[in-house]
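Given as C-alpha cells, the chain that follows is alone and in the form predicted on its own.
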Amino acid sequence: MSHHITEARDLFYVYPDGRQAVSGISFRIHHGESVGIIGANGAGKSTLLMLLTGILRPAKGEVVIGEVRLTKDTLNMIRQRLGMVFQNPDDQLFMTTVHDDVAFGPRNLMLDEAQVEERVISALEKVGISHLKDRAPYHLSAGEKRAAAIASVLSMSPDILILDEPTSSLDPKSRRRLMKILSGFEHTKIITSHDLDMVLELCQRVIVMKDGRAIADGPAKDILTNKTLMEEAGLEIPLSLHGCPVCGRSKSDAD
C-alpha cells in the first residue's frame, strides 16, 4: 500500500464517562514530515495518538494511512507500517530479555529466525544498546528502557513512528541521546510532548490542541514563538527561545 499520507478526517472520541476527548480533528501528514502535537494536560494528545494507531476507535470520522482506511480488517496491515512508542516503556516491554522484546514483532510477522536476528541486531545498534540484549528489561534505567522500547518498534521497519512523551523522566544525557536517535529516523515522525525545546529541534511542523480540538497547525518556529497562541493553549514558549537575562539574545539568535 502507499504509505505517503497519514490523515485524520473529522475525528471525534468520547470516553465512557462522557468526556469529549477529541472533537472534530482533521489533518494530513505527508511522508517524511516530523510533526509535534502539543497542548496542556487533558488536551487530547494521547487519545489522538491512540486513534491514529487503532488502539481506540473513533465515535465519528476516520483515520487513513496511505490509501487505506483504518478498520478492524485493515488494522494488522497498517500496524506493519506504523509503530508507536508509549509514554511508559513498561507498557511495551514484557519479555524476559531485551532481545526477545525486540524480536517479538518480527517473529509475529512469521519471518525466519535469520531475518528476525538481523532486524534485532540492526534495531539495537541504531539505539546504541546492543550490549543490553541479554538483560531483563526491569533491570534497565529509564533511558535504557526508552531505547529498548524504540528498538522494539524499529525492528518492525515502520514508515511512521509515533511517540507519546518520549523524553518523559529522562536525565539530560539520555534525553540528548534519544533526540539523536530520533533525528536519524528518516521517515515520518509524530510526537506528542511537553518538552517544547525537543519539539522545536526535531519537528518542522506543530499542531496545537486545546480541549480536544486543533487550534493551530503550522511551521514549528512560527507556532512556538507565538506567545498569545501558546498562552491560549496553556503553554509557554520553549526555554531556548527566551532571551538571555544578560545579553537578551535567545539560543536561536546565537545559532
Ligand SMILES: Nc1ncnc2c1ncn2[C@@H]1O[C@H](COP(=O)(O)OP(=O)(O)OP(=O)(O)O)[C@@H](O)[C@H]1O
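Since this is a predicted model, take the numbers as computed values, not measurements. Just count from 1 along the sequence shown to find any residue number.
Below: the form predicted in complex with this ligand, not depicted.
Peer 1: Contact with this ligand in the predicted complex for residue 36, defined as at least one heavy atom pair within 4.5 Å: yes or no?
Peer 2: Taking the distances in the predicted complex, the answer for residue 36 is no, it never comes within 4.5 Å of this ligand.
Peer 1: Although this ligand is absent from this view, report whether residue 15 comes within 4.5 Å of it in the predicted complex, heavy atoms only.
Peer 2: Within the cut-off, so yes.
Peer 1: Applying a 4.5 Å heavy atom distance criterion, does residue 41 contact this ligand in the predicted complex?
Peer 2: Contact check for residue 41: yes, within 4.5 Å of this ligand in the predicted complex.
Peer 1: So in the predicted complex, is this ligand close enough to residue 9 to count as touching (4.5 Å, heavy atoms)?
Peer 2: No, residue 9 stays farther than 4.5 Å from this ligand in the predicted complex.
Peer 1: Heavy atoms, 4.5 Å, this ligand in the predicted complex: which of 64-72, 44-52, 23-31, 214-222 makes the cut? Say which one.
Peer 2: Of the options given, it is 44-52.
Peer 1: Could you spot which one of 165, 144, 101, 159 gets a heavy atom to within 4.5 Å of this ligand in the predicted complex?
Peer 2: Filtering the options by heavy-atom distance leaves 165.
Peer 1: Quick one: from 194, 187, 227, 57, grab the residue that has a heavy atom within 4.5 Å of this ligand in the predicted complex.
Peer 2: Looking at 194, 187, 227, 57 one by one, just 194 meets the 4.5 Å heavy-atom criterion.
Peer 1: Only counting heavy atoms and a 4.5 Å limit, does any residue of 85-114 reach this ligand in the predicted complex, and if so which ones?
Peer 2: The one in contact is 87.
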